[in-house]
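This document starts with one chain, in the form predicted alone, laid out as structure tokens.
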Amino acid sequence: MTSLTIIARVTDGLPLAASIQEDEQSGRDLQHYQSQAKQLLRKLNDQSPDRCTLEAGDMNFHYLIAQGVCYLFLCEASFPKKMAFAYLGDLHSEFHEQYGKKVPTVTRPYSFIEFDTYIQKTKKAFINSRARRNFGSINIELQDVQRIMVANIEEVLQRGESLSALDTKASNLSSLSKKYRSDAKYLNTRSTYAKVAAVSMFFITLIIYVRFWWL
């Protein structure tokens, strides 16, 4: 399985740790994905969505931002999204515990390259088929995984559109959708009231007519 994991500081995109696993049989150009990853990390800022999936053909970039650090994972598109973010959440917990206080002060790229050992071990656990079944039942606060923002890597990198702008558009679309549903519900309610009122008037008129006719 071809995969790439990079941990970087959000303020300047400085890479702090990384791990690469290349599958020669896949024929994928991992250097191309590495270049895209570095460009993406330079684009992130404090306004970027804290969780996002970026589609790159038959591969996906998943990232998690927490406490000023971005955890980026490139994997095959078929790899479950919930598992990918569970993996990133695990990396965050361990990395922050070990290096959280040192992150703001480092100046060298890959200052915590020794964290690769933990990355490899954790990734192996999540990729293992038996582990997938075990992790499938855990509660990792990702029940809303379907609501994680999804975009295309080329749109973000080549068109220069920021992730925060895409997130704003997604939020606006969500708001419009909610407003549409609200308006539709209001109109349906009014329609129901109108039908009830029409039926009521018919029966009232009928009662009055019958009463005066037979009296």
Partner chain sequence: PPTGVPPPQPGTPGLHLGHYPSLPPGYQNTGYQNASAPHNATSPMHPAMQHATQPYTQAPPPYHTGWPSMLPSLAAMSLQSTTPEALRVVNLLQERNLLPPTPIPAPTPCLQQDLQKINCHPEVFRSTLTSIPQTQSLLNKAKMPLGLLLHPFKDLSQLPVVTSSTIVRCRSCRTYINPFVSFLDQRRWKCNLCFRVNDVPEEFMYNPVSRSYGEPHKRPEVQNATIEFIAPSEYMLRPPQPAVYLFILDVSHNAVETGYLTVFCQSLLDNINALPGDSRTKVGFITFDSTIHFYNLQEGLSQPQMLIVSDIEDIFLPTPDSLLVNLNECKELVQDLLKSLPTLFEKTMETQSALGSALQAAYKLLLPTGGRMSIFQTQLPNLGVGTLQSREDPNQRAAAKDVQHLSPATDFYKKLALDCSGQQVAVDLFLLSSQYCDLASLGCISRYSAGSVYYYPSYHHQHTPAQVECFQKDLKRYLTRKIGFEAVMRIRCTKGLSIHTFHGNFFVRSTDLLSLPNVNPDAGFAVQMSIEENLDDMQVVSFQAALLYTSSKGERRIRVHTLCLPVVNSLSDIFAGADVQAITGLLACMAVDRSATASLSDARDAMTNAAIDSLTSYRQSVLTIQQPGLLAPACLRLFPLFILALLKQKAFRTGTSTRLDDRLFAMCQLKYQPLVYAMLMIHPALYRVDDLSDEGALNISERTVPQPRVLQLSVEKLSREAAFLMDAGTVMYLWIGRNCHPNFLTQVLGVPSYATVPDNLYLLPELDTPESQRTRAFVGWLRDQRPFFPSLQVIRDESQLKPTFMQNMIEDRTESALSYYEFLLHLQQQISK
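Residue numbers count along the first chain shown, from 1. Just so you know, these numbers come straight off a predicted model, no measurement behind them.
Only in words, not in the display: the form predicted in complex with the partner chain, which the text now covers.
Chemist: Does the trio 20, 108 and 121 actually contact the partner chain in the model of the complex, every residue with a heavy atom within 4.5 Å?
Modeler: Heavy-atom distance to the partner chain in the model of the complex: all three under 4.5 Å.
Chemist: Heavy atom to heavy atom, is residue 78 within 4.5 Å of the partner chain in the model of the complex?
Modeler: Result no; residue 78 lies far from the partner chain in the model of the complex.
Chemist: Can residue 38 be called a contact residue for the partner chain in the model of the complex at 4.5 Å between heavy atoms?
Modeler: So residue 38 counts as contacting the partner chain.
Chemist: Closest heavy atom of residue 31 to the partner chain in the model of the complex, within 4.5 Å or not?
Modeler: Taking the distances in the model of the complex, the answer for residue 31 is yes, it comes within 4.5 Å of the partner chain.
Chemist: Quick check on residue 116: any heavy atom within 4.5 Å of the partner chain in the model of the complex?
Modeler: Close contact exists here: in the model of the complex, residue 116 approaches the partner chain to within 4.5 Å, heavy atoms only.
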